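The form predicted on its own is given below as one chain in C-alpha cells.
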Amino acid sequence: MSPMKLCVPGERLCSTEDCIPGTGTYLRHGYIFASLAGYVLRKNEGEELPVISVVRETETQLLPDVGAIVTCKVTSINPRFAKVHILYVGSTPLKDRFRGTIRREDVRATEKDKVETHKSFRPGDIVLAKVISLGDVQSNYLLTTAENELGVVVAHSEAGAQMVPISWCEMQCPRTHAKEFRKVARVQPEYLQA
C-alpha cells in the first residue's frame, strides 16, 4: 500500500472522469478539488469509478501538561539529574518523543540534599513521574518523583532479570539476589493488573 498523500484546501486532486467526489472535496470546471487539509483517500464502493475524499487525521496529539502523571524511560544520568523520554501521559501513548529531566532535588520530598542520582535511577528504568514545568523546543519538561506513588516501576538488573522492589529505596534481582538502590514507586492497587 502506498503512503497516503497530503493535500491542502483548493488543491486539484483529479478529473471528474477519473473519480467521483466524496467528503472533503468539491467540483469546479470538471475537476475535483480538496476543500480541507488532510489525506487523499480513494475507495471503490461498487461504482464504476472510485470515490475520492479528503480525511483529516482524527487523533489529536496529547501533550504532557503540568500536574500530569507520565511514564518515562531513563536514558542517561549524571550527579545533578536524570534525562528521560516521556512515553505515556496517564495511560495514553505519545506519538511524538518528548524529553524530560528529573533534577536531583526533585527525586524525593525529604532529605533532598542527600539524594544521589545513581542510587535513584539507572538508564533503562521505567519511571512514573509528575510534570512540574512545561518544556519548549529547546528545553525538556521538568519532572518530579517526590511522592510515594512516583518513582521506578520497572528495572532490570545487570543479570538482565526484572527486579523486585523490597523497600522504598531498594530492588532485588530474583536471579542473583543482588540488591540495587532505586527510588521505588509504591504502585497503587488500581494500576495493578491481575
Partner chain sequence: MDTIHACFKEKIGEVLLPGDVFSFRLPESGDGSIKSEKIICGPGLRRNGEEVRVCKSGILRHKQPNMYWIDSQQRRYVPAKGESVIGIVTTKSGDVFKVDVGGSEQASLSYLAFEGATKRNRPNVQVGDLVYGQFTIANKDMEPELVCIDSCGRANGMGVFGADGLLFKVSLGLVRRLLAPQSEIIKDLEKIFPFELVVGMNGRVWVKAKTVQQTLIVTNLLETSENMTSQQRQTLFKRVAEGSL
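Note that the coordinates shown come from a computational prediction; the quantities given were computed from them, not determined experimentally. Numbering follows the first chain given and starts at 1.
Just so it is clear, the following notes concern the form predicted together with its partner chain, a form of the same protein that is not shown.
Its partner chain in the model of the complex: contacting segment from 126 to 134, 34 to 42, 140 to 148, 153 to 161, heavy atom within 4.5 Å
Contact criterion met by 153 to 161 only.
TODO: Answer with yes or no whether Thr110 is in contact with its partner chain in the model of the complex, where contact means some heavy atom within 4.5 Å.
DONE: Looking in the model of the complex, residue contacts with its partner chain do not include Thr110, since no heavy atom lies within 4.5 Å.
Heavy atom to heavy atom, is Lys179 within 4.5 Å of its partner chain in the model of the complex?
Lys179 lies outside the contact set for its partner chain.
In the model of the complex, does Val89 come within 4.5 Å of its partner chain, counting heavy atoms only? Val89 lies outside the contact set for its partner chain.
(message) Although the partner isn't part of this model, could you tell me whether Pro79 comes within 4.5 Å of its partner chain in the model of the complex, counting any heavy atom of the residue?
(response) Pro79: contacts its partner chain in the model of the complex.
Exercise. Do all of Lys5, Lys95 and Arg97 end up near its partner chain in the model of the complex, with near meaning a heavy atom within 4.5 Å?
Worked result: Heavy-atom distance to its partner chain in the model of the complex: none of the three under 4.5 Å.
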